[in-house]
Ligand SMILES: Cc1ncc(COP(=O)(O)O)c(C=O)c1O
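Listed next as structure tokens is one chain, alone, in the form predicted on its own.
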């Protein structure tokens, strides 16, 4: 067999993680976030496995159209919204749910509906309020303008114009200190309360909790929760609490990235390895060469010492990561009489080796590692 990198996707683990979300947020509806090709896991098989979700969310219209054309699933939320009359009409046609996060989007939607003589009841949209992320979302002044537009309506029509859900997003929910989170919650409540002269603020459902908030801020669960990274078995707290990983949150890793040992070399003390000769042998020793590199999505900046599993035992990465290969130090296996040979499977992250440990040694986060797996890697679903 030819050596190749593989990504084994454990769909049972994915379903377990969705169950964990429901356990943490009982009674709430769940939007499973499957943007960016389901965080690199393959959006179609992931969506099929997450069929117990109430809704799905993607970032952009193209992602929504691909998902719809492939599966025609339940309503799909488009987190960045859409930007033209044509795209709003497509949302109406397919029952897609755009998020409106700025006045321009709100105005485009109005124009679309007026020009085409369509009623507001024919489109479901979510309205995003900026509570401190300062990326997308309506400011206080912008929300005031939308409130004024509602006030011109006859009272019996207001309910047809209102969003299906009010939404906001935490900027620091993955951090230990929750002061900023609490301020965002209070601002969210305040902004929605401003609509109280038009409707009962409790009449429109709310959504604020991402993975980190699902795990640590029950107050923010509201009506809808939006798990992303936790569905894939990764801790959202990896930067704030580097010692924690998905297993600590009772999550199971979904992706296991593996390859094969393709060479074992006996080197002499002073021999230097790989590009730049950055790592030199401190003694006579054996090294292993593994068929994976940044051409497959393994992080180029992984530091020496990054853990790799050979024969189910940890060995450290040595030398620079190249496009097609990495090298590891095999001395600990030899000293402990652990058998290994060319052709043995090697695990880069996943089953037995949390991806968070690799991302920490690579100066990045697990999100990036998962999303940057290339087409050269063969995906297998089980």
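Owing to the predicted nature of the structure, the values given are computational and were not obtained by experimental measurement. Residue numbers count along the first chain shown, from 1.
There is also a form predicted in complex with this ligand; it is not shown, and the following applies to it.
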>> Just to confirm the contact call: exactly one of 326-334, 62-70, 345-353, 35-43 touches this ligand in the predicted bound form at a 4.5 Å heavy atom cutoff, so which is it?
In response: 35-43
>> Given that this ligand is not shown alongside this chain, does residue 228 nevertheless sit within 4.5 Å of it in the predicted bound form, heavy atom to heavy atom?
In response: yes
> Given that the partner is absent here, does residue 268 sit within 4.5 Å of this ligand in the predicted bound form, heavy atoms only?
Replying inline: no
> Do residue 210 and this ligand share at least one heavy atom pair within 4.5 Å in the predicted bound form?
Replying inline: yes
>> Taking this ligand as it sits in the predicted bound form, is residue 79 in contact with it (heavy atom to heavy atom, 4.5 Å or less)?
In response: yes
>> Going by heavy atom distances of 4.5 angstroms or less, which of 135, 152, 121, 193 would be at the interface with this ligand in the predicted bound form?
In response: 135
> Using a 4.5 Å heavy atom cut-off, are 128, 169 and 367 all in contact with this ligand in the predicted bound form?
Replying inline: yes
